[in-house]
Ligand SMILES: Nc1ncnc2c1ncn2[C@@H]1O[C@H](COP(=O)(O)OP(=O)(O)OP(=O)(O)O)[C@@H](O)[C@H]1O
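The form predicted on its own is given below as one chain in structure tokens.
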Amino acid sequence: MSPPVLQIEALSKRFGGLLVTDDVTLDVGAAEIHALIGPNGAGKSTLIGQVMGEIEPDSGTILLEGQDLSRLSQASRVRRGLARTFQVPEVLGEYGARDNVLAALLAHRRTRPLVNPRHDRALAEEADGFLLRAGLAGRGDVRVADLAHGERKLLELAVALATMPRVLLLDEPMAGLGPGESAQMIEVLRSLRGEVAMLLVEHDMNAVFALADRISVLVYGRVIACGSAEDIQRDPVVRSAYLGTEEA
């Protein structure tokens, strides 16, 4: 396995008397898709929020390529190489798909274009390249509000890729997708394997088993198992705590 690019060490978080992240330790290899699964309320999205800097942990360390991110702002973490997507896509609905990617490109570079970025052919072609990688070729001029739900999910992925991340934090990319849209998302994520590391939070076990190099299982805020898809499917503790309750 490739050396870790993201390391989460002994991360804990309480909300009042509720322990939502319980001494979580896991890592993501530089060329790895590492899936994080578990029942609703297990603390998966809370963990993603802590890694991204949206939620401050009570204790623990988050390392990206050996650098401690624990005290950095969200913007600083993005500049260091983290990006995330959400269960409900967070994109600019009143603008076109290409405009969303252009905004991410300019924000990441922290430079002001000399001309309107919409009229900068090189920049527009670069944005279209990210749309192509996300499966949205030819959709750059379509207003986000007119895109299907699955396309908005893919657009959010293109926006994240435009920040040139080392690690993508994917919070339920299959949520709300139909079978065809899920299949497309799986193929897009598979095509990115080796280019960017991914921590994938997902309930769709077909997607998890199709994509993940390793799987960690989170139950009541604690990692109860970590291993290959075969290891996780055979683990009796995991089947009792999670897989046995899922039709997948």
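Residue numbers run from 1 along the displayed sequence. Note that the coordinates shown come from a computational prediction; the quantities given were computed from them, not determined experimentally.
There is another form of the same protein, the form predicted in complex with this ligand; it is not shown, and what comes next is about it.
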Listed range touching this ligand, judged in the predicted bound form by heavy atoms within 4.5 Å, from 59 to 67, 204 to 212, 183 to 191, 42 to 50: 42 to 50
Partner-contacting position among 226, 20, 238, 229 - heavy atom within 4.5 Å of this ligand in the predicted bound form: 20
In the predicted bound form, the one of 99, 172, 120, 128 near this ligand [non-hydrogen atom within 4.5 angstroms]: 172
Contact flag, residue 87 vs this ligand in the predicted bound form, heavy atom cut 4.5 Å: yes
